[in-house]
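Single chain ahead, written as structure tokens, the form predicted alone.
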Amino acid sequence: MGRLEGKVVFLTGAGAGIAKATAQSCVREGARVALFELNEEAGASAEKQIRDAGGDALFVHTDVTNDNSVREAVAKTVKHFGRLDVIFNCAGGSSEDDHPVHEMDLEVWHKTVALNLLHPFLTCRHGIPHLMKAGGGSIINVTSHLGLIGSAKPAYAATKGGIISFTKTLAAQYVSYNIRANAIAPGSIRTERTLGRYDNPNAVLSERAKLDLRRRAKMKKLYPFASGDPKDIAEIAVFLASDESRMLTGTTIAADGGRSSYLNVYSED
């Protein structure tokens, strides 16, 4: 029997990257999954891959920044599978226009807040009542190591830091319903998006992207465990979704190879 046998999981941003890998890992552990994704082609493809491998998946076209869209997506999930046990909030992103506060366009701030912080609020708003009906469950929010330490991208760092506080609040508010809430703070993950941005030799990079690339190379040398693949985060997510993590709630697991934990002063560089 799998570690998630009988559980129903919905995942946001599940057409690619960490969420897609997590959906596949959840299915291998016996779960049924709903794939919330805005990109219809990516969502349908992810659903087909899981079904072709013998899993049970449902793609639900969803705009996670829209309240009605999230409400309908959750309703479709519960109608199709009959229950809900795990919420995995992974959709998110940053913008190259995430400039210093005094230079930032207000629209960039609003879009970043909507995608990274409003989105998990909406999924929890509509999903938690079903976890309560199921007798409990697990909420897993994906933040970032930059939410733990801050960064040169104020909108991104602020929203990712907000997720950490939001997760602690969820843990406190719903403990009496047997609902746990935890967060994962990844470091550098080789998703399709990051590979396309930084590892594509034909990509035309802005000066800021070139600087980011140089910083990534330096960080890789200083923190050799800080870079991973989507499946690495997926394994942590499966653990948090399973009963194996029953003593964990309100925590943030920093899967960043130590970048948010210590300053590496021992490098010979």
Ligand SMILES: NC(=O)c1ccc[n+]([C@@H]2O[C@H](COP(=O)([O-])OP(=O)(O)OC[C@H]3O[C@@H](n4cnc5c(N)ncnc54)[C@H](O)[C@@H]3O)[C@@H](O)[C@H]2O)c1
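Because the structure is predicted, anything quoted here is derived from the model rather than measured. All residue numbers refer to positions in the sequence shown, first residue = 1.
Here the subject shifts to the form predicted together with this ligand, a form of this protein not shown in this document.
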property	result
Complete contact of 15, 18 and 191 with this ligand in the predicted complex (any heavy atom, 4.5 Å)	yes
Exercise: residue 115 in contact with this ligand in the predicted complex, heavy atom 4.5 Å	yes
Interface membership of residue 160, this ligand in the predicted complex, 4.5 Å heavy atom rule	yes
Contact test in the predicted complex: residue 92 vs this ligand, heavy atoms, 4.5 Å	yes
Non-hydrogen atom contact residue 183 with this ligand in the predicted complex at 4.5 angstroms	no
Proximity to this ligand in the predicted complex, single hit among 143, 123, 77, 138 (heavy atom within 4.5 Å)	143
One residue of 58, 236, 222, 38 in contact with this ligand, assessed in the predicted complex (non-hydrogen atom, 4.5 angstroms)	38
Option from 92 to 100, 171 to 179, 78 to 86, 125 to 133 whose residues, in the predicted complex, bring a heavy atom within 4.5 Å of this ligand	92 to 100
Members of 53 to 75 lying within 4.5 angstroms of this ligand, judged by heavy atom, in the predicted complex	62, 63, 64, 65
